[in-house]
Ligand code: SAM
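Below you will find one chain, with nothing else, as structure tokens; this is the form predicted alone, and questions on how it binds or moves follow later.
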Amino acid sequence: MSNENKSIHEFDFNLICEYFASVERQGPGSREVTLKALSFIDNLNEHSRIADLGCGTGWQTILLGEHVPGEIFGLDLFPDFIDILNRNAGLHHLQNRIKGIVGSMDDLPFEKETLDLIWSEGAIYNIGFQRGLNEWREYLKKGGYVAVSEVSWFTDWRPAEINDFWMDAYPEIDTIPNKAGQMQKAGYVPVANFILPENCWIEHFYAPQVEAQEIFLRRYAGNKVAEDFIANQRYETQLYYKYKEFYGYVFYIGKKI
């Protein structure tokens, strides 16, 4: 198997986390997109409880804290990400309302039906879209919201190269109508969905990685695993530029009924 055809899941977890801790965003997105998704959610007050699942270093968690009232929990499996989030919460004077927690999205440390909003940008794929929506629903109050961004097909047909890449990396990838249908079937009213603009990938995700990749390769010079990982990241970037009209991230917002 060539480097270019490896799934990211085959690489060392700690190596991946070290790399992504060095860049601001761990997935496609932007300030504007986070705020747009937030605009569809209308039930938040100072007593609200919000969980950002798979928060990474918490760039969007801080943004949520600046724009909505209530208590926010950022949860991620990797302790270094949570350390960065908690440090940044302090720098933004949000340490009283934002708390980073090391934990897994398939074993949430919350009581059932206590959350007003579950947020997850580019991370629900770790547990799977359908499983995440079904299991997380139990933790939401009636009328609570879920807002997740998820890689999705824009077309029913796509070239074999990009189809095979994503079917290997994430077999749950599907079209936007099918994803919205899965949300409805899981017990939510599909309130809204919208495609993330290309700048969320190019400017905010791929461009900052160019320098980070060079630094990473120098640090791990001669380390074949690290070199293979960066080759894989670069291949994914090339595929996006080549096939971006066929797929991208989509924000899905649902309300528990």
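Position 1 is the first residue in the sequence shown; the rest follow in order. Source: prediction; values computed, not measured.
The same protein has a further form, the form predicted together with this ligand, not shown here; the description that follows concerns it.
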**Asked** Among V151, I84, M105, A147, which has any heavy atom within 4.5 Å of this ligand in the predicted complex?
**Response** M105
**Message:** Just to confirm, with a 4.5 Å cut-off on non-hydrogen atoms, which of Y125, F73, Y139, W166 contacts this ligand in the predicted complex?
**Reply:** Y125
**Asked** Just one of 54-62, 184-192, 35-43, 218-226 has heavy atoms within 4.5 Å of this ligand in the predicted complex; which?
**Response** 54-62
**Prompt:** Using heavy atoms and a 4.5 Å limit, would one call L94 a contact residue for this ligand in the predicted complex?
**Reply:** no
**Request:** With heavy atoms only and a cut-off of 4.5 Å, decide whether F129 touches this ligand in the predicted complex.
**Result:** no
**Prompt:** So in the predicted complex, does I162 come within 4.5 Å of this ligand, heavy atom to heavy atom?
**Reply:** no
**Prompt:** Going by a heavy atom distance of 4.5 Å, is L77 a contact of this ligand in the predicted complex?
**Reply:** yes
**Prompt:** Taking this ligand in the predicted complex, which residues of 15-39 have any heavy atom within 4.5 Å of it?
**Reply:** R25, Q26, G27
